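One chain is shown next in structure tokens, namely the form predicted alone.
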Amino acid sequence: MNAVAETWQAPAPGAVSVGAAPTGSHKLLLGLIGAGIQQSLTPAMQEEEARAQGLRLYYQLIDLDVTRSDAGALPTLLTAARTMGFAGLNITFPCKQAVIPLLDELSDEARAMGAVNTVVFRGGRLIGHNTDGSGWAWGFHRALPDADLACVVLLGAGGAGSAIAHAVLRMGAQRLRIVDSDATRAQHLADALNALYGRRAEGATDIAAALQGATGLIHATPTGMTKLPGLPLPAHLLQPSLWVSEVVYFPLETELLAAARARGCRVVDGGTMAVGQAVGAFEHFTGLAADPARMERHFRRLIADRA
């Protein structure tokens, strides 16, 4: 990383028009902090979009599994990134909520969702944003624009789940049932949502009961990732009347999606959210408008190459 000696501090999102960003010797130094992220496609997506817009961008993985550390390492990592001239960081599992007390400022979106997946370094301050909710909504709408949102079940009340919960209620979901192994966490999220959107959310621990009468299922836990294979719920609970939205994108065809397809469910893979949140993060980091279609084409090529 020391080879990237000259960095460019990103302007405020929306403050720079496309084509006006520095080029030539200017370099943008970014990174991703999380556990088990060696197969992440975020670096390639960000670097390719930067190249397309005339930026020189270097993106570093900071994998807690590799360093045998956990979210407790965040203060040291943030200090190091600030010292080295990073322009920003993406944040993923298990740090999206743990990073919040370490930041100087939160966007309204991140504060409402109680989770951060994008940190911008600006003027010596660390500013937290969340592009998970908007990224999920962008991808979901592209894949299933006519989806029935009468009664949605959200499995997982962590950082990603919280962001998606806000997004699906903003999209017009009439009822949202939040299922989590931690009943307190699920109810806490439901209470926070009801304070903002009216009484449309409820916490639960029994996935079978929650799916009774549901029109859709959103899966927002790490189960199904390459390092955590398996199904997050019994396959027989997946009825053809359900649509199923996945957040895991590596592998792109998770065991949940395969089971849902086999039972006749309409599905949305985790790649749509991966692209959507990357678009938002790129714009926060650079102040430039990303090209979502171009970023999605690149993402799908990367997935195909790996397959």
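Numbering starts at 1 and runs along the sequence shown. This one's a predicted model, so the numbers in the text were calculated from it and none came from an experiment.
This protein has a second form, the form predicted together with nicotinamide-adenine-dinucleotide, left out of what is shown; the following refers to that one.
**Student:** Does any heavy atom of Met225 come within 4.5 Å of a heavy atom of nicotinamide-adenine-dinucleotide in the predicted bound form?
**Tutor:** Because a heavy atom of Met225 falls inside 4.5 Å of nicotinamide-adenine-dinucleotide in the predicted bound form, the answer is yes.
**Student:** I'd like to check something about Gly280: if you look in the predicted bound form, is any of its heavy atoms closer than or equal to 4.5 Å to a heavy atom of nicotinamide-adenine-dinucleotide?
**Tutor:** Heavy-atom contact with nicotinamide-adenine-dinucleotide at 4.5 Å: absent for Gly280.
**Student:** Given that the partner is absent here, does Gly85 sit within 4.5 Å of nicotinamide-adenine-dinucleotide in the predicted bound form, heavy atoms only?
**Tutor:** Gly85: no contact with nicotinamide-adenine-dinucleotide in the predicted bound form.
**Student:** Any of the heavy atoms of Arg185 lying within 4.5 Å of nicotinamide-adenine-dinucleotide in the predicted bound form?
**Tutor:** Answer yes; at least one heavy atom of Arg185 falls within 4.5 Å of nicotinamide-adenine-dinucleotide in the predicted bound form.
**Student:** Identify which of Leu256, Val248, Leu57, Val268 has a heavy atom within 4.5 Å of nicotinamide-adenine-dinucleotide in the predicted bound form; exactly one of them does.
**Tutor:** For this set of options, the contacting one is Val248.
**Student:** If the cut-off is 4.5 angstroms on heavy atoms, which of these, Ala157, Val120, Cys95, Ala173, is the one near nicotinamide-adenine-dinucleotide in the predicted bound form?
**Tutor:** Of the listed residues, the single hit is Ala157.
**Student:** Whether Ser181, Thr221 and Ala274 jointly form a contact site for nicotinamide-adenine-dinucleotide in the predicted bound form is the question; each needs a heavy atom within 4.5 Å.
**Tutor:** Affirmative, all three are within 4.5 Å.
**Student:** Counting only non-hydrogen atoms, choose the one of 61 to 69, 33 to 41, 240 to 248, 259 to 267 that falls within 4.5 Å of nicotinamide-adenine-dinucleotide in the predicted bound form.
**Tutor:** That would be 240 to 248.
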